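Form predicted alone, single chain, as structure tokens, below.
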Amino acid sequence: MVNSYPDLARLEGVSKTYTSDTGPTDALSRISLSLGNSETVAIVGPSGCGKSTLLLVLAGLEKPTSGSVTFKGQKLDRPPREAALVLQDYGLFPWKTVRQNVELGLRIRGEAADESRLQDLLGELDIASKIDDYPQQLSGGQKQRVALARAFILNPALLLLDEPFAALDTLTRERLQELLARAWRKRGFGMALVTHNIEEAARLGKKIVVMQGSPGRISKMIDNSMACDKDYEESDLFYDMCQNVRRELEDVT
């Protein structure tokens, strides 16, 4: 997981403009952001400020109109093999079983899944008993665990998540936040998470990026070094961090 570059991913002066029949739309304006090895970043901000576009640029799925994006010190011009993307809508194929959905990324790579590793991973995510079920037989939380399993089995250096728990009830969401924090402590991947949830940002982002505007730009970067630590959310420091992030968001909305 560790590489010799000081930054796993870096954006320098990135702007993004979409063009359509109605004219250009500026989505991002001169974004500069670094993500260190094993660092976690939570990206927050009002709707329409370019959070998801920023994540897609990091994923190599959107090319910036100007500026540069690097991954492990190399120019990023395609989705990196060592990155995995988890979406809010799970991205599961309804005609495939849990096993088949989890193994999909490996099969696209032309790799076979190690059965022991697969079983260990599904056990870690508490869905081993669902291995032969189809997505329509699963709850929302179970579907998101399958999506996480599909990402984890690729052993990514960079995990990108776009509002992954937004559709879940509060208790399930909190459980999956802890599961993700535990997985990060075990694996040490870099992580960038887009969220509207202040507590989720404080729980998971060692760096919290507050965005504003249209086009989107970075308003504030907040250091949050205790993110992903066990029991952090039970501390007064966590409460203070949530209040800090809330104040910053109120200033940009």
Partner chain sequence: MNRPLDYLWGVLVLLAMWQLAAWTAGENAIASPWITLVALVSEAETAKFWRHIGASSFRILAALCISFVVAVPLGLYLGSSRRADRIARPLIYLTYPVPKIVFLPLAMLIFGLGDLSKIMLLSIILFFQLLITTRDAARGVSRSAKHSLLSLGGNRLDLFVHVIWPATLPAVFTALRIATGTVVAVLFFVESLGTRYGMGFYILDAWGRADIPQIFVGILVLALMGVILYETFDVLERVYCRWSQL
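The structure presented is a predicted model; accordingly, all values stated were derived computationally and were not measured. Residue numbers count along the first chain shown, from 1.
Another form, the form predicted together with the partner chain, is not on view; read the next lines as being about it.
For the residues L180, L161, A83, V146, the 4.5 Å heavy atom test against the partner chain in the model of the complex is passed only by A83. Of the residues given (D89, D120, D114, D169), D89 alone sits with a heavy atom within 4.5 Å of the partner chain in the model of the complex. Proximity of K75 to the partner chain in the model of the complex falls outside the 4.5 Å heavy atom cutoff. Interface membership of Q136, defined by any non-hydrogen atom within 4.5 Å of the partner chain in the model of the complex, is confirmed. Within this chain, G140 is remote from the site of the partner chain in the model of the complex, having no heavy atom within 4.5 Å. The closest heavy atom approach of R99 to the partner chain in the model of the complex falls outside 4.5 Å. The candidate stretches are 171-179, 147-155, 122-130, 67-75, and the one lying within 4.5 Å of the partner chain in the model of the complex by heavy atoms is 147-155.
The candidate spot formed by G213, A227 and Y239 lies out of contact with the partner chain in the model of the complex, as no residue has a heavy atom within 4.5 Å of it. For the stretch 82-111, the set of residues having any non-hydrogen atom within 4.5 angstroms of the partner chain in the model of the complex comprises A83, L85, L87, D89, G91, F93, P94, W95, K96, L104, G105, R107, I108, R109, in sequence order.
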